[in-house]
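Heads up, the chain below is alone and in the form predicted on its own; it's given as structure tokens.
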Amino acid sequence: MKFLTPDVIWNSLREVGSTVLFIIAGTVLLEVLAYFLWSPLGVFSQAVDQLLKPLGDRVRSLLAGLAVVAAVVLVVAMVSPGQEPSPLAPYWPVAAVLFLIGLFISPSATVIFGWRLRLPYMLLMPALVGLLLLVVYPLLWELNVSFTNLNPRHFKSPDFIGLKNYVEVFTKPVLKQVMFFPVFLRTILWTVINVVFHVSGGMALALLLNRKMRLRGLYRTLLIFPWAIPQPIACLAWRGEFHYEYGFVNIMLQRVGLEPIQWMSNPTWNFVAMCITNIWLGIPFMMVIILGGLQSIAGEYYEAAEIDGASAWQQFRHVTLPLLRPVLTPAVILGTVWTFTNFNVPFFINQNELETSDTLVTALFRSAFQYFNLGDAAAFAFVIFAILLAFSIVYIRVTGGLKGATE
């Protein structure tokens, strides 16, 4: 390979090494600044706390929240989605000052800048900076895009259009023909079917593997394979198995005297194929989580239940399920979010791009990267985020599954 010359290799290693040294030097500088600035900040926060104490904690919390929200709004306005800088870009010190005001007038300022928490916050600071650069900034940029008409025609200087994109998410087709609510209901059906099978199948396998048996470790290893395989590879393999003429599924159907199924072109069967693939992929994760929860339950509970004459079903209902709730609640929430936002399975199994098989996430992808409606896609993404956030809050409140972890 002629392109791998010594000069190219040396330049590549030099660039990588300089990047690593820059990160190390930046981290050291950040920690040193935090170490020497923490004590003055603590003294300043105590002085502000004594000065603002007559206002009360509620008023201070409200004022702090308003200052932080104002800073975030200003930063969002400064994040320009086009190639030209935003006219508000020079005002970033104002946003920084508003954020600092909100931070120091908060009743928690003295706790945050207390001497005991200096070391934990110093250790978290590099990760915090990384999250700000790699997560928070892109989210703010996308939030700004959602209020503009950014697309290939207006890529250099998009116009601010307010909430128009959010309105069009619900009033215009999110695909070529299909509106938002049919895709939303299909996504809910897709999520419910998969999560029910994931939890029930994972629970059944976990209960079986929690018993004493020979080669139990081997069974656990084999059952975890679907989750260990990279998802795109597994999806492409399953798509081959659903081939009308040469796929294993149709070959087996013909062997038992049934007609082959048009898995790729029939809307109903294509959706079924998506569910079969994702169920196969998702059960091992739930099995591992539930098995860990089962192994953490002390055997004394079951011994006491047997003494009281409880049957196996009663032990499962009144002992196993309640003690598994702190484990099941985050697992179900995580499984629901993963399934709701699953892209690989609907995208790869829906080979013919049937709009009757698209979910919200694949519709979002097509809107952004096939139809290039970038502003609409950004608003679409935040609508999906709001749906999942509302579900998580309601599910936690209704089930009370995190009480054991917080009490």
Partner chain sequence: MSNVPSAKQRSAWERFFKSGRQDSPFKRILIHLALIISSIIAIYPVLRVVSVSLRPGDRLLSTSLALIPPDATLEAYRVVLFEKEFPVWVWNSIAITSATAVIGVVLAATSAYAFSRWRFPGRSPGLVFLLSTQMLPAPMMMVPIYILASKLGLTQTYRGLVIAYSVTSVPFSIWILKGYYDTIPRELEEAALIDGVSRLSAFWRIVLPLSTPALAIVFLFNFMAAWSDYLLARVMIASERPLWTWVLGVRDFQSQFQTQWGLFSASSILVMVPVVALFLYSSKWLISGLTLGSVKG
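Residue numbers count along the first chain shown, from 1. What you see is a predicted model, and the numbers here were worked out from it, not measured in a lab.
What follows is about the form predicted in complex with the partner chain, which we do not show.
At 4.5 Å by heavy atoms, is each residue in 181, 273 and 398 next to the partner chain in the predicted bound form?
No, because 181, 273 and 398 lack any heavy atom that approaches the partner chain to within 4.5 Å in the predicted bound form.
Does the 4.5 Å heavy atom contact test between residue 101 and the partner chain in the predicted bound form come out positive?
The answer is no: residue 101 has no heavy atom within 4.5 Å of the partner chain.
Close approach of residue 227 to the partner chain in the predicted bound form, 4.5 Å, heavy atom
Residue 227: contacts the partner chain in the predicted bound form.
Given that the partner chain is not shown alongside this chain, does residue 245 nevertheless sit within 4.5 Å of it in the predicted bound form, heavy atom to heavy atom?
Taking the distances in the predicted bound form, the answer for residue 245 is yes, it comes within 4.5 Å of the partner chain.
Although the partner chain is absent from this view, report whether residue 371 comes within 4.5 Å of it in the predicted bound form, heavy atoms only.
No, residue 371 stays farther than 4.5 Å from the partner chain in the predicted bound form.
Of 170, 269, 160, 141, which one comes within 4.5 Å of the partner chain in the predicted bound form, counting heavy atoms only?
By the 4.5 Å heavy-atom cutoff, the listed residue in contact is 141.
Interface residue in the predicted bound form among 77, 175, 209, 193, criterion: non-hydrogen atom within 4.5 angstroms of the partner chain:
Only one option qualifies, and that one is 209.
Which of 182-190, 261-269, 92-100, 323-331 has heavy atoms within 4.5 Å of the partner chain in the predicted bound form?
Heavy-atom contact with the partner occurs in 323-331.
Within 116-131, the residues that have a heavy atom no more than 4.5 Å from the partner chain in the predicted bound form:
Residues within 4.5 Å: 116, 117, 119, 120, 121, 123, 124, 126, 127, 130, 131.
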